[in-house]
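Just one chain follows, in the form predicted alone, and it is written as structure tokens.
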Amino acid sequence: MIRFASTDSRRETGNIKWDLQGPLPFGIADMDIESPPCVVDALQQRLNHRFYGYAFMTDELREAICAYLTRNHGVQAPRPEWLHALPGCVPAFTLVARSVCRQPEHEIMVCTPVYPPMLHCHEDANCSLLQVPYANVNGRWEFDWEAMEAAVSPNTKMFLLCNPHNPLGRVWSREDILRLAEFCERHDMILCSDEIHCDLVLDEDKKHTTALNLPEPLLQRVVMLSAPSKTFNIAGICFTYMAVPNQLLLATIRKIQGHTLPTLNVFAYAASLAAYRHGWDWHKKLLATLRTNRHTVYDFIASELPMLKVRHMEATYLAWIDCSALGVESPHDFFLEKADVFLDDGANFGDPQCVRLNFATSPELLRTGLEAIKAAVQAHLSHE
């Protein structure tokens, strides 16, 4: 059973979404859905142990992750020694960048729009950022291969990928991933693939393709990042892992990390083990819920707000909405001021005329938010 959190239960808990993002928050990727009972039970059991000392990623957890990668994503013979635990994907971007971009003129290539921290990790790594926009091909987002080839240079050392894509909702095909890896090989780049949304594919005819399924020698260029955080709504517990088949590269990343990040806490490991082992029946119900909410967004915008444009979302619970027809400077500011609705600002992703709407909430709250957006748009249009 999927249990939605009430508004009151989330406020005044130190939660970014509900305490910092306005009366009707549909921003940061945090579901208003209780984590699965197996995770809650595991945390309670660990809490009852009454000793909360330093912890590490046990062989048991490594084996559970490897079993999950094979069972859910078809990875052939993943090895426990590939895995390295971190408190989040964002510091992982910087670690990989610092490991392969050693000079200020070295570049990270990223296609836009994209998850905002990907547009800033070069600042922490003291290197440069190379942005190439995605192409809109017949209403579908695609890699602009010609533009990528034109932009790349010998200084481009890393490609940072979001797969499935946040905020565009694309599930990249096996052909896309292979072609991207070949592009990286041709230009001697590392492929860093953020796959944190990999278990949130909503289209039943689509399947996530992990970069860990690339053939040798392409696999030796891969750093894959993932976590149970988005799937099981435990982002605040802070557990991410990178999988790095190239052991020399992993050793370099560990050396660069040094003592700059804390060890993970005991609850992160307990929750992650429970989720990967026992959370999949709950996960099926979650996907059904998210599909229903996705259709609510589609239907409401198509019938009530046709001037807004939302393309099909193959994955994630994040709708990318084009608001350019409104003719306002900042749709984010407009909806917050006129509707009390907080939507993530597209400017942070690379497109200031778009907003990102998190629809992983109760059907009632989703409808309330959409109605508030509609009222604000109607009032705006009536005054033009």
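Values in this document were obtained by computation on a predicted structure and should not be read as measured data. Don't overthink the numbering: it's just position in the shown sequence, from 1.
What comes next is about the form predicted together with a small molecule, which is not displayed.
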Find the only residue in T94, N166, T210, N233 having a heavy atom within 4.5 Å of the small molecule in the predicted bound form.
N166
Please identify the residue among W82, W172, Y269, Y115 with any heavy atom within 4.5 Å of the small molecule in the predicted bound form.
Y115
Which among 211 to 219, 192 to 200, 256 to 264, 104 to 112 is in contact with the small molecule in the predicted bound form, heavy atoms within 4.5 angstroms?
192 to 200
Even though the partner isn't displayed, in the predicted bound form is T240 close enough to the small molecule, meaning a heavy atom within 4.5 Å?
yes
Does L180 make contact with the small molecule in the predicted bound form, using a 4.5 Å heavy atom cut-off?
no
Residue-level question: is L119 within 4.5 Å of the small molecule in the predicted bound form, judged on heavy atoms?
no
Can you tell me if M313 lies within 4.5 angstroms of the small molecule in the predicted bound form, counting non-hydrogen atoms only?
no
